[in-house]
Ligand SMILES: N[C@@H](CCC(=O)N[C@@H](CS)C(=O)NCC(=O)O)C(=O)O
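As structure tokens, one chain now follows by itself in the form predicted on its own.
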């Protein structure tokens, strides 16, 4: 297998943490998004959509989405389980992973890409050059506030998002919560359940990668 990574971006970090949690040693090639290497001819030959991460499987497939990468690695290396062991648990983990992506990752990206000077003309990832829309950045910040409120409500009910154990859902939400620093958003003071959850995951060896 070959893993195409980027040390500065949140989505590659999700895959990197998943690989580490599985205890796998996969050949890694770092693609610098700061230098625009995702648009190089050599990388576009790997992924024409110019997005990272990418996992080249043992069978030669190029997996370009985190859920696909996680599904493949979980099937190949089921222990420790990060995507559930029963039908109900698997469904809850996928549900909370989707929630973390759509209600956490998406608005953070919306706020960042539509306001940060470095993203001028690059409001969406991929091959298209699109202009920023400031109103979307403002909306993104409001959505991030709602995401933090939702996390606190859920984590007052359960130590982890989807089950009693750390899972892909927690990994996903943790990475996005941490990345919110780029839009100057942090876990609100007083959200003690979220802070405890965040600190516990931050202490895991995979979180330092």
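Positions refer to the first chain, counted from 1. On a predicted model such as this, the values are computed, not experimentally measured, just so you know.
Keep in mind that the form predicted in complex with the named molecule is missing from the display, and what follows is about it.
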query: Three-residue site 50, 66 and 122 fully in contact with the named molecule in the predicted complex at 4.5 Å by heavy atom; finding: yes
query: Exercise: residue 89 in contact with the named molecule in the predicted complex, heavy atom 4.5 Å; finding: no
query: Contact test in the predicted complex: residue 81 vs the named molecule, heavy atoms, 4.5 Å; finding: no
query: Exercise: residue 101 in contact with the named molecule in the predicted complex, heavy atom 4.5 Å; finding: yes
query: Residue contact check: residue 38 to the named molecule in the predicted complex, 4.5 Å heavy atom; finding: yes
query: In the predicted complex, the one of 187, 9, 201, 17 near the named molecule [non-hydrogen atom within 4.5 angstroms]; finding: 9
query: Interface residue in the predicted complex among 33, 62, 182, 141, criterion: non-hydrogen atom within 4.5 angstroms of the named molecule; finding: 33
query: Partner-proximal stretch of 155-163, 142-150, 52-60, 22-30 relative to the named molecule in the predicted complex, 4.5 angstroms, heavy atom; finding: 52-60
